[in-house]
Structure formats: C-alpha cells, structure tokens
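For reference, the chain that follows is the form predicted on its own, supplied as structure tokens.
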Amino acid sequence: MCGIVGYLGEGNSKEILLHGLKELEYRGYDSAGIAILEGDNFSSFKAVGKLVNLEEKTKDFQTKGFSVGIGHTRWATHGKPTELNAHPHLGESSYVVHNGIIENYAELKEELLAEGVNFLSQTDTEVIVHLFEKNLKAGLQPFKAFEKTVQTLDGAYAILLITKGEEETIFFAKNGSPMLVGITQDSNEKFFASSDTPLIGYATEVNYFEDGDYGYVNKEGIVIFNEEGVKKEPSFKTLSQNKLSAQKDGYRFFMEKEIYEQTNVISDTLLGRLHDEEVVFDELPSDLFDGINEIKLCACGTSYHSALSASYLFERYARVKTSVEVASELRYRDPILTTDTLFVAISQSGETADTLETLKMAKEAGLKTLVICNVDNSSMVRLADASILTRAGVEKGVASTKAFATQVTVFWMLSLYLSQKKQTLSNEELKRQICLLREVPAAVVVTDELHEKMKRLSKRYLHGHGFFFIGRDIFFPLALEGALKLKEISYLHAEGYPSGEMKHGPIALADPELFTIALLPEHMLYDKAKSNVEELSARDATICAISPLPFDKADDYIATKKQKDYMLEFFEMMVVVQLLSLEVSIRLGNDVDMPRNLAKSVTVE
C-alpha cells in the first residue's frame, strides 16, 4: 500500500530512489514518481503502471553532486491512477510525497481554492504542499511552515517534503503510516523508506519514527520533535543486511517460493518455544493471562482466518471463551470491552490500519493487549503490552501464505501455553500436542509429486461460475482461506462455507459448473463432512476431495498423507489449497505476486 523513499547525499539519487521503489513493489501500486532537488534545480518524473515505465523516463537523467530526493509508489485512493495524480506533488517551489489519508483534506482544499490556489490533481496529498507554501508566504521560516502544516492535518500520514531555499534538507512527519530513516556511520547520507527492505545495502542503522514525530534531516544530522513539539533524540537500531530471503531463488513467483519456505519458517517459529513437556514464550510477561476470562481476537483478511482458527484451539485446549472480530467493523462499533479480556491483534506487517486502530481502542479501554506479528519494531509491536513474532521472514507475495502458516502455528502453541496455566490438559495430552507440533514442518513440505498433480489438475478449473471451499470445525476457517487465496490471484469467484451450511441456502447453486473443494480430514468429523459433500454430488456439483481417505463420489481426488491428528491434516491441506490457487492463476496468465487492485500492507482504511 503506497511506498515512500527518500535520499540525501552525494550518491546517485536517481538510482537509489528507483532501487528503493523496486523493493517496495510488493506492497502494490499503480503509478510511481521521483523528484530530486540539486542546488536550486528540481527534476521530477512520473509514470503510470510498472516501474519500468518510470525507469524509461529517467534513463538519461543523472545527478552530479549533492542532492535531496523523494520517491513514491501510489495505490489510488483519491483520484484515478494517472500521471497528474501520481506523487510527488508540486507546489510553486516544493514537492511532497505522502502515504495515508488526510481526512480533512476537502475543507482544506476548499479554503485554498478560495484563496486562488490551483490544484492539478484529485488527490488529498496535494493540499499538503499548498498549505506549506501558504505558510511560507505568510513569512514563516521553512521548518516552522512545515510544522504548522503538519499541525493542521487530520488523519494518517507519512510525509516527505523538499523545497527550494532549503536545498540540503528533507522535512518529514509520521502519524499512523510507517516510516523510518537510515544512516551510515562513515558518511552524511540519509535514507528514508516505508519499511526496512529498501535500505538494506545502503544504511547500517535505522530509526523507526513514532506517531506524532516530525522534523528534518540535513548533512549535519536528524532533528526530531514529538507531537507535543518537544525535541527528542533518535533511537537507532542495527539494520540486518540479509536480503537472501527477499529473492526468488529460481522460483517463478515469490508466492511459490513462500509456499515452499513454510517448512523452514515454521521450524523457526517453533524454535526455542517447545520444550519436552511444556511450551515456553519467554517474550510474554508471566502475568499476561492473570485475571483474563475472555480472549478477543481482531484482524483483517488472511489474519482474520488465522484468528478464526485460533478460536477453536483456545476454546478446545485452554477452555477460555474466545471471540473473533473483523477489525474494520469493530473500530466503528461501540463494543463492550472489559478489562478481564485479553485483546489480541493479528497482522503480518504490524501496520494494518484498521487493526492498528482497534488495538488503540483496546489500550484506551484499559485492556491487556497482545500482538501476533511478523515485523519487529512495527507500529503494533511497539504499541502492545506484549508481542509474539511469527518469524516468517520477508513475504513479498501479496496473497499471504507463510504468514498464515506461522500465525496458526503460534496460536496452536499459545493455546497450549495457556492450557498449562489453566491446567486444562493432562500432562500426557500436552506432551502429545508438543510432539505433533514438532511434526508440522514435515507436514508442509511440498513434494514434486504433489506439485505436479496440482499443475495437471489446475487446467480443469479455469471456468465455471464459481467455487465452494467447504470444511467443518477448524477446517471451516481453512476453507475461507482457500477461497480467499483463489479469488485474490485468479479473479475467479470463490466462497468458503461450513460444510453443514450447504442445505441452508448455498446448495441452490449446485450444478456441474459449481466446483466444490471439499476438505475431508480423517480425524475431524469425517462422516459428517462426507455426508455434506454427498448432498452436493447428488445435485451434480463437480467435487474435488482433499482427504487421506478415497471418496468415490469425487470427480477429482487429492490424496493427503495418513496423519496422527487433525492439526497435521490442517497444515497439509493448507499447502494443497495454496498450490491449487497458485497453479490456476498461473494457467490464467495472471501476475501472481501483484494481483490487481490489491496491496500487501493495507495502511489506509
């Protein structure tokens, strides 16, 4: 969701900015642009579509000395994807890039229009640069003009601004959208970005800005003020330089690579947390669950499906009441939030706007808060009382795979951790569950035989009027996730349902052009689920059964291994539905990693 980069120094500004934008492609975008101030001369380039279009426009441009530059990949929120709406946005002598949404932009724009300001774009961002220049014309020094501009804005933003008259300065502000600044110890260079990845190979240390931070950088250093206007010192952390996990390593798509990586990242998720007879989370305060009578899980998209899966595990193993909330709904309700509830927010990036806002609500209501996240130092991790990192590594595919796998793994462990505290499982059963967890990495290994079968099978599922993914118990959230994966990257209509809901309406759609992907685990309500699938088969729906047990009513059968427990079946079937979605999408000729209209990190609502 929209990416920001910035650079100050004597290096090749254009190449550094373009490299940073390339590293942010996975977030999703429909246009891109850069602006560079060298001395008192601005150079600006914008292009709609892929970054190759911007690279073509800038191929003959080079900087020759010290310069400051800003860049942006835009995912349209206000105004269509056009060059005029692409960032950076220009005033009379300044350029700005911005992630987020300025909620009061309409009234600000109306005031500026009444004062004779001309707007070129349909975006909310353009008001920022015009407000800044209005404050300059009122006699304020550039930084004071920027400070007053930021104080006028309502909403979420990460902002970089450069202006003539301050040719060696980049102004910045952060509230609700991620942004960090990087430095090296042996130069005066400064690097800005929305996430760590663009800075790897350039910066050695980074400072993660907090909400309300604003200030400026120049050759001499970094000046930061908090939301009260009090100057604060940057807090630098060492930036990892390992980019290997962000490369495709010979796979066709990042999503394919990430499906194969699940065996390794789940091993990393388990590391140090499984002992012979107990589950250990050293990162959690020992009193986190004291006085807790309910767990409320809150998330969006794939993370919501992992939360639904967790609700079965918490209630079954830890015997604690658990509810699951869609973050975009909860934040606008008037929910009952009681202090005997542990509020758990789940997000791959830790920056998901709706989920972040619900976390703030829970904090304000006095609830204990826990975040399940893949990104250390993300906004949610810094805000919550406690956090558990999923250790999934960089996930570039927009359609999440290994993030889901590691989230469910964490929740399984956490349900056992809580069962230890509540003594709801016998020692024998707890040890059995720990042994099962150790087998998960093997259960998600992608064999050549399985992948070849999915490649062949995919050609039979390229048409029809839709898909039903069905399952019972914890396999219902997996059915939802399977349907989401397929619709995200293939653009085919797919729905997830509890198997028992077929005769309550959906079965009306059954015919040969309805494809039913049936999850039939041996160790979880097999006979019940099989009966539900037979009802669809009797109405002539096309059935693809995923099960360790042969099913004679199936048109297609994907045999899974005989496992000891339904949770191992869950993880194996997870891989099957991921591969099916991947191969259908590839056959349809789609860009698997960057599906249309979607973004990796949804940092606006």
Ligand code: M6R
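Quick caveat, the model's predicted, so the values are computed rather than measured. Residue positions are given as counts along the sequence shown, with the first one as 1.
What follows is about the form predicted together with the ligand, which we do not show.
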| item | value |
| --- | --- |
| Stretch in contact, per heavy atom within 4.5 angstroms of the ligand in the predicted bound form, of 294 to 302, 432 to 440, 156 to 164, 90 to 98 | 294 to 302 |
| Residue contact check: Thr409 to the ligand in the predicted bound form, 4.5 Å heavy atom | no |
| 4.5 Å heavy atom contact, His130 to the ligand in the predicted bound form | no |
| Contact of Leu367 with the ligand in the predicted bound form (heavy atom, 4.5 Å) | no |
| Contact flag, Ala483 vs the ligand in the predicted bound form, heavy atom cut 4.5 Å | no |
| Selected contact from Thr516, Ser415, Ser194, Ser349, since only one has a non-hydrogen atom within 4.5 angstroms of the ligand in the predicted bound form | Ser349 |
| Option touching the ligand, based on a heavy atom within 4.5 Å in the predicted bound form, out of Ala362, Leu520, Val265, Ala399 | Ala399 |
